[in-house]
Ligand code: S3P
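The data below hold one chain only, encoded as structure tokens and taken in the form predicted alone.
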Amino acid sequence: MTNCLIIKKKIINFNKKIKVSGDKSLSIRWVLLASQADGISKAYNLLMSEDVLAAMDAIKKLGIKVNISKNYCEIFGNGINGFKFKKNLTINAKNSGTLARLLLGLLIKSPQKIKLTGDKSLSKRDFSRVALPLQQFGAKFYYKIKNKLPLSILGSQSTKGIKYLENKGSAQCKSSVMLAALNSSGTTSIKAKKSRNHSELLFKYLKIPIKIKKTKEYDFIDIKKPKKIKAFNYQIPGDISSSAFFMVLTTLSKNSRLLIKNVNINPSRTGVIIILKKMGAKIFLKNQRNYRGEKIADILIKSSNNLKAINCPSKLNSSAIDEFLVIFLVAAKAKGISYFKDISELNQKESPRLNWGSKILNMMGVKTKLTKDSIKIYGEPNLEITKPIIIKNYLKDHRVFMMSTIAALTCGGQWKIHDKDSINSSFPSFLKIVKKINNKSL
């Protein structure tokens, strides 16, 4: 059972300092934008996960040289639309929705059909969300099963800016259109529901012509094609989504304290901190600073014995969309009934996460009420699990695996969690850091 994690004991109290891996969203965006820059770009602390390696493999297939050394990664950019388009090219995005959707935005001028594939999980996801706006630019799409991978894209040589409404709060769809705008004449105008804004900050830093007007519900973004993008170096900060698992581990452990160094606290990603603090978690931001438009801080977390339920405001959903599974664990140990609504987007992820979150809580003995876009969680502050729990057949979703690991370490019971290698897609060092905190092997 080498690909199976067995946990029989709760974590002991700890006082530790850790660093988490580089931000996945920024790592993939750096790879793709560096491929469009003129000259050699370097990244430090780049996340070396399967998703990011797949991004590097993709640009290599498109004629971009990549050099990985011990301390940094170099990309030798050929400029905007500097890809070499070969016949019968197939690119495998593996498990990465970010890579698959953003890359399509860069392929809208491909003179050859390019086939895009993914793993079993990614192949279940809806690609009409990016195909429809990219068709407006002039790209054509070909499917075996409509709107699903594998698909082929054929670009157009006369791409013009479009008007696009993104009303789901998907940063992937918004960013795909933004990257397509790099290759299009005129202005691309986007009205986008609030979502993470890493692409906008990178565009600003790279002096790509971009104008942003913000309202309460939407961002209005205008982009014009730049003459060129200069090569750029980037120190990737720690990933807040990865940090969230350790925030919850510390919150739910007794007499414990954890400091996580150099984490990206971009306001479009800090919903998890806001929600957990509303529930009574003790989380403090130290040494706050700005880097290339991104906010960075050290995050201090202390154990909390007095967690309370939350009626989670929908406006926080997009800034916590990847963290809801571990937030549900805190709700399971909170006093009262927590309510999370308008979160159907969770079921559009690597697995139907809303369904899986509810299922795992039920296995733990926590009552839930589930609809297609909401969940009520009936908290059990004194929850102690003594029975065996087996987690399997969850489409190898890395966040389901990590949520289950944190549940096992904080709530007790005997857990057998299958598909340990699922973490390789986003956070390969997850278990190594857990061992460091726990002072023992798993």
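All of these numbers come straight from a predicted model, not from anything done at the bench. In this text, residue numbers run from 1 along the sequence as written.
Note that the form predicted in complex with the ligand isn't included here; everything after this is about it.
Engineer: Sort through 84-92, 270-278, 171-179, 144-152 and report the only stretch with a non-hydrogen atom within 4.5 Å of the ligand in the predicted complex.
Structural biologist: Contact criterion met by 171-179 only.
Engineer: Lys333: heavy atom within 4.5 Å of the ligand in the predicted complex?
Structural biologist: Although the ligand is absent here, Lys333 would stay clear of it in the predicted complex, with no heavy atoms inside 4.5 Å.
Engineer: I'd like to know whether Arg129 contacts the ligand in the predicted complex, with contact meaning heavy atoms within 4.5 angstroms.
Structural biologist: Looking in the predicted complex, residue contacts with the ligand include Arg129, since a heavy atom lies within 4.5 Å.
Engineer: Heavy atoms within 4.5 Å of the ligand in the predicted complex: does Lys349 have any?
Structural biologist: It does: once the ligand is placed as it appears in the predicted complex, Lys349 has a heavy atom within 4.5 Å of it.
Engineer: With heavy atoms only and a cut-off of 4.5 Å, decide whether Ile327 touches the ligand in the predicted complex.
Structural biologist: No.
Engineer: Going by heavy atom distances of 4.5 angstroms or less, which of Ser110, Thr98, Ser304, Asn266 would be at the interface with the ligand in the predicted complex?
Structural biologist: Looking at Ser110, Thr98, Ser304, Asn266 one by one, just Thr98 meets the 4.5 Å heavy-atom criterion.
Engineer: Could you list which residues of 22-37 come within 4.5 Å of the ligand in the predicted complex, counting heavy atoms only?
Structural biologist: The stretch touches the partner through Lys24, Ser25, Arg29.
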